[in-house]
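As structure tokens, the next two blocks hold two forms of the same chain, structure 1 and structure 2.
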Structure 1
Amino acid sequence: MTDTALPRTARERARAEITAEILASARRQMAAEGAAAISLRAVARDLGMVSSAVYRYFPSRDDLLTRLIIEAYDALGDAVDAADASRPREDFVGRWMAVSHAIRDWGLAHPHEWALIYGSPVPGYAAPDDTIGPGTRASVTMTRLLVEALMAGVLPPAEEVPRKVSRSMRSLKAFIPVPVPDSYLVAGLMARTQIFGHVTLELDGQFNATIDDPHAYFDHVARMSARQMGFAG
């Protein structure tokens, strides 16, 4: 979960503490002004040190951003897993609803973090490989939900899917331990796109002048997407 073992020497303790303080200050700055506005000099000022000292802890601004991205992915993953665990295993619709609302709630509570991980990347930034692991946590949980519903036999009959589309999902199938009919995979991916796409569009203000009660509307969207996946509802 956290870093390595407990720090031993005073030096290591201090290093861990200052690292945490830098991250906290950067998070504060991101919450206030957005990820792109994070400034190492402002962090340094905030902590009462000089800008060059920060580079002892993070070799570059991009490394700081990477840490923040990983933490954001993990925070969202934790929220999603907690929501999934809060419902009875066999209540697939309830689990899907809980997961969907957890995703939206987290996004509304952390708009800049959401933009950081799902929005367009910061100027010259390219996400390193460290981020793909935690980045898939929410999707993995949603896929697991679909697979469990399939194994429970509560899904309607599968449908035909064009061969080209079926072949196009070979890489996806390699990640899933049990065989899943193509039409379920498509439905699951589309439901995932519906949820993440909705939150992104809502945070971007695309529903501003059209939807008066976003929570009620999203609740309906989540329920409809569960139904379109074949979950009874």
Structure 2
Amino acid sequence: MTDTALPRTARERARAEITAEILASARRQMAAEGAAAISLRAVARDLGMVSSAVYRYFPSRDDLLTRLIIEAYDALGDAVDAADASRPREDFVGRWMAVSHAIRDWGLAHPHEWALIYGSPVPGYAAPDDTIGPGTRASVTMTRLLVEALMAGVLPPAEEVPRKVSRSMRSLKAFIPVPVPDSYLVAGLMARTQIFGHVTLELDGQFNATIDDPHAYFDHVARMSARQMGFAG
């Protein structure tokens, strides 16, 4: 969850305000030229600050990128969690649809942030471990929904998957607190890929000449992915 604690002292408030201005400037750069073009010197020029002052807040461009990435992931995670909480716990189809639409809505509203976290890697930047938790929030919520449906006994019988596929998901299984049959994990991964992949293609303009009503089409895709996971409705 995003840290919402308010700064208490005047110095803390001033630091928070300048940090917010730096992040806003970096987002403007990202919108105009892409994430790879972000630089602390450009931020300093934009804000009328000396470069050394900006470096006191973010020691390097990579630190600034990391903060932007974490905030983007957390904003998406907040939207997904709010959507999931808006539906009754036993309404697995409704929860999945709400979460899926929240992902698309957030992506359409924040295309540059979406490109930052799901687009091509920024040359020369390696994301630190600090990004892992925020980066998995949306997927964790979607996986939790699948696990809860399994525990509620509403999913169809599990199917066998090839042993090679089962072995390939060892790392995924380590993140899930209860045993989940492999066929459900495959279905969940496929469904999440459909949702995130659709949003990426839509933002890239790949549907402009082929889909006249992107919202209706996405709604159908999300509903089909819910069926694919075994949610009734």
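Source: prediction; values computed, not measured. Here, a residue number simply tells you its place in the sequence of structure 1, counted from 1. Whichever C-alpha set is largest while still superposing within 1.5 Å between the two forms counts as the rigid core.
Each structure shows the same chain on its own, and structure 1 is the form predicted together with another copy of the chain. The smaller of the two rigid parts turns by 16° against the larger between the two structures, as judged from C-alpha superpositions. Its Cα shifted by 4.0 Å between the two structures, Arg28 is reported here after superposition on the rigid core. Look at Met49: with the core superposed, its C-alpha moves 2.4 Å between the two structures.
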